[in-house]
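Just the one chain here, the form predicted alone, laid out as structure tokens.
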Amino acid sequence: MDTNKTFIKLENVSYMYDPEEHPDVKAIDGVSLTVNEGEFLAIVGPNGSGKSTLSKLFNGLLTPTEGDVWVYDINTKDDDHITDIRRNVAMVFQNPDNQMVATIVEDDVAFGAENLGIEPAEIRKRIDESLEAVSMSAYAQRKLHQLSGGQKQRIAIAGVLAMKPRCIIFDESTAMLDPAGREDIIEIMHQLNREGVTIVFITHYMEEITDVDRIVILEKGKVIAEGVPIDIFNQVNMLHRARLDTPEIVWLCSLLRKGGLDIPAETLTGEQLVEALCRLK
């Protein structure tokens, strides 16, 4: 997959929820940004920074007050092609209950594909493949209200996968889950990305994004930093000003370095730290 090919492009985009009453209040303020095909991009920022607003601009759920958003060569302001945009750029929201429409698991997974006019035999195939991809095949006939939060989020992802989008936006999709559930969903994201799906992950949990391709940090609707994880996490003062935590492993590595241990600066995960410590023997 060519991660240098632009998939989504924002050109000087601003968004106001109430431009008539509050013309000076911008949820998104002059953002220019690209999402590359096949990339795993994380967008982080404190509460109120504009993360969720930005995510809804990516696939035309919101259209810019100023500027333009392009998905390949299609402008999200072009109502005639909005279905094409949403076919390619799908979303998984924070609360899975908000995007479930059926009572039985497989019926819910089928809903999006049915609305795209997919043939029934192909829908059946996609249901099975999507449930298998999120390890929920055994729950196809289960009632949704019987599932845990993490299981519901898996079903929400399966419903998106059944539409075969080229990009999936996860809008704080781990926020309501316990640590084990969060790890499961993040692993699903990485597996999808390895299979060629472009991933945009909106979160405020910094420890979840140590192994993404690129990080964008928002504050008050503006991009204040952008780069690979090691570059972002080394900007401790910037993270502090943006009210973002340094991942625990990064913090621990800094303490070990202060204690005289030769821990490489690029050590960002627990596995990498274990390897670095073993090499010191």
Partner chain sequence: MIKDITIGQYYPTDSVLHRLDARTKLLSTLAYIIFLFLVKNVWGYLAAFVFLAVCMILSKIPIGYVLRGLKAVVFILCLTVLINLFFTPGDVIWSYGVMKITEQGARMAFNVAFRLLLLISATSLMTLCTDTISLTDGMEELMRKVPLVRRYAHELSMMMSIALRFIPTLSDETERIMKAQKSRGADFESGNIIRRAKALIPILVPLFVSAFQRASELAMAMEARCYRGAEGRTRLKELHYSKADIVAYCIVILALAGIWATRYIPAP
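Numbering follows the first chain given and starts at 1. Quantities reported herein were computed from a predicted structural model and do not represent experimental measurements.
From this point on, the text means the form predicted in complex with the partner chain, which you will not see here.
At a distance of at most 4.5 angstroms from the partner chain in the model of the complex, all three residues 86, 97 and 118 contribute at least one non-hydrogen atom. Contact with the partner chain in the model of the complex, defined as any heavy atom within 4.5 Å, is confined among 99-107, 186-194, 68-76, 206-214 to 99-107. Residue contact check for residue 49: none of its heavy atoms lie within 4.5 Å of the partner chain in the model of the complex. Although the partner is absent here, residue 220 lies well away from the partner chain in the model of the complex, with no heavy atom inside 4.5 Å. Though the partner is left out of this view, residue 132 does not reach within 4.5 Å of the partner chain in the model of the complex, counting heavy atoms only. Not displayed here, the partner chain is approached by residue 93 to within 4.5 Å at the level of heavy atoms in the model of the complex.
In terms of contact with the partner chain in the model of the complex, the residue from 177, 136, 123, 199 that brings a heavy atom within 4.5 Å is 123.
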